[in-house]
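This document starts with one chain, in the form predicted on its own, laid out as structure tokens.
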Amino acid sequence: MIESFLGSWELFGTTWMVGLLIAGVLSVVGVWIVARDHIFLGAAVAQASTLGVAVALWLAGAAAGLRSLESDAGATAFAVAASVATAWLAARVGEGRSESHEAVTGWVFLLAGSIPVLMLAHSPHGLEEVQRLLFSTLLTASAGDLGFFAAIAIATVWAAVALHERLLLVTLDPELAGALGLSRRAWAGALAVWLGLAVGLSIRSAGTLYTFGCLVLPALIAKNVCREVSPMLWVSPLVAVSAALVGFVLSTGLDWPPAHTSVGLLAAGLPLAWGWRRLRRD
């Protein structure tokens, strides 16, 4: 299998590198999602990205002057905008509003899951694109995607190293963070933009399943393995990148979809982490 994987590098090397970068970036961002117990937010943001793509395709079909929105750049811009808006909306929930965080994220998830199909019901190309995003595939990743995610990975590593104490304080104890002079609203907004940007860009290259899986599963595994949040910042990406790499090798040798193989490995690893946590307690 390893020989098959190495032999495929000439054709799919860019795909594999993009997949590994996506796994690393999302697994770090996911630490804050899991630490705040906002796992469903990841699903809502991912689904909102699909809605953003659907809106771009619908506008392109409705007006001849907006045909450029069918391009990767146009659809990606709408996907990122929808992701950031959803994450920002969720960050504002709880500040004097009557609805809970779960209610709003659930509403966004269901809305974003139904509207794209209705908008593009009479557009075979549009429905095909939505189904591609939902099905999840890494095989369309490009050299441009590689450059984007390399830059995002560098920024993510810098934030995790240089700002992790403040980020953890704002995440785990927002009242103390406010007392120490950290603006909870500003930091929540920054985290929302970070989450929306990472998810929105990942959706276009990797699809919904791989994006959501890499966002929450590695962090959940790390949460059960680690005793504190800080070690999760390196355990989570280690788990994500390792599972992605093994998944790519297996998918090449067995002719399986790479995104589904990698997420399947991560999903299989979570019960093992639960078992480890129980043994450690005993």
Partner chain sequence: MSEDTPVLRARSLDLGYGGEPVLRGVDLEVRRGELWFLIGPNGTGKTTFLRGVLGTLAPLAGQLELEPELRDRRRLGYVPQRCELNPTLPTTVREFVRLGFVRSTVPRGERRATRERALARVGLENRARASYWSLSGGQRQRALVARALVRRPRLLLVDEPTEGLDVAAEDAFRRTVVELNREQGLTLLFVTHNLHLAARIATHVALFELDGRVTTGSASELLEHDVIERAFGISLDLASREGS
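Remember, predicted model here, so these are calculated numbers, not experimental data. Residue numbers count along the first chain shown, from 1.
Note that the form predicted together with its partner chain isn't included here; everything after this is about it.
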Output flag, Glu165, Gly181 and Val229 jointly within 4.5 Å of its partner chain in the predicted complex, heavy atom basis: yes
In the predicted complex, Asp37 touching its partner chain (heavy atom, 4.5 Å): yes
In the predicted complex, Asp173 touching its partner chain (heavy atom, 4.5 Å): yes
Partner contact for Leu169 in the predicted complex: its partner chain, 4.5 angstroms, heavy atom: yes
Option from 151-159, 101-109, 75-83, 173-181 whose residues, in the predicted complex, bring a heavy atom within 4.5 Å of its partner chain: 173-181
Any residue of 104-122 that, in the predicted complex, places a heavy atom within 4.5 Å of its partner chain: none
